[in-house]
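Before any questions on binding or motion, here is one chain by itself as structure tokens, the form predicted alone.
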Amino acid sequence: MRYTEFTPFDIVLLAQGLGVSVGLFLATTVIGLLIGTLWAVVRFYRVPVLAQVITFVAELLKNSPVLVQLFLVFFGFPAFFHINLGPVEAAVITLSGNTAAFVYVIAVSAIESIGRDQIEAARAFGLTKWQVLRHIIAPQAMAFAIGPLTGLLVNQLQVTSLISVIGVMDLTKIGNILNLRTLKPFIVWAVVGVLYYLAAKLIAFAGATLERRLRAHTAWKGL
């Protein structure tokens, strides 16, 4: 076997890289969803000062390049805050913050799509703010937001390819190493592209399935 051959073992290496990419994607998605949703709730209740700060931070994160954010975290945090920050930690911080900013925008739009008359009627029946949020706002907002969220998550999976520039051994990084070793870019990057495509299709399928169930659950069934 020649050193430049692309072997089945290389596919295994790429699959391991995909595992790293998907693992980081899942971790940053959960963190981003929690933070973004919390920010949207703060915005909904118009918490003084904090709501304005959150809006500014979200605008900054969603309107600046992810690669620049990644460099600022990876190189800037250790220099300014004197902390040891590895590539994986930098990737988690950057992607979580970026995801949270877009989740915040989607969640705010979803919450604002709910008629104020429903909220006022719920308050008139004596429901607390937490009960209104849990029983009135959350179910409808989730059904509204699942479509945009699915598109966002597919995009965020693709954004994970940027973390290879700081040394994370993800799918793109391993693909680059194999490309340099085999000198067969068409084969290597075709396999990398197919793996990203399959992962993205799985996310899209899961999102579409969840959306159908949520909309069926919230649909008016009549008396």
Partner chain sequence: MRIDLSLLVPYLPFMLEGALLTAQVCVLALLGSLIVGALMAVARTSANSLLRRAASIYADLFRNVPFIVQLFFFYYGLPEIGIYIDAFTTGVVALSIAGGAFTSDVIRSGILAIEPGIIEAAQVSGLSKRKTFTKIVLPVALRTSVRPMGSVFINLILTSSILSTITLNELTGTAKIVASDTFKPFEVYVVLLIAYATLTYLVSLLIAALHRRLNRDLGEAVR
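Keep in mind that what you see is a predicted model, and the values were worked out from it rather than measured. Numbering follows the first chain given and starts at 1.
There is also a form predicted together with its partner chain; it is not shown, and the following applies to it.
Taking the partner from elsewhere, residue 167 is found to have every heavy atom lying beyond 4.5 Å of its partner chain in the predicted complex. Of the heavy atoms in residue 158, some are within 4.5 Å of its partner chain in the predicted complex.
In the predicted complex, at least one heavy atom of residue 76 sits within 4.5 Å of its partner chain.
For residue 64, a non-hydrogen atom is located within 4.5 Å of its partner chain in the predicted complex, even though that partner is not displayed.
Interface residue among 190, 30, 47, 53, judged by heavy atoms within 4.5 Å of its partner chain in the predicted complex: 190. Partner contact region in the predicted complex: 79-87, out of 79-87, 140-148, 127-135, 106-114, criterion any non-hydrogen atom within 4.5 Å of its partner chain. Residues 172, 176, 179, 183, 184, 185, 186, 189, 190, 192, 193, 196, 197, 200, 201 are the members of 169-201 with a non-hydrogen atom no more than 4.5 angstroms from its partner chain in the predicted complex.
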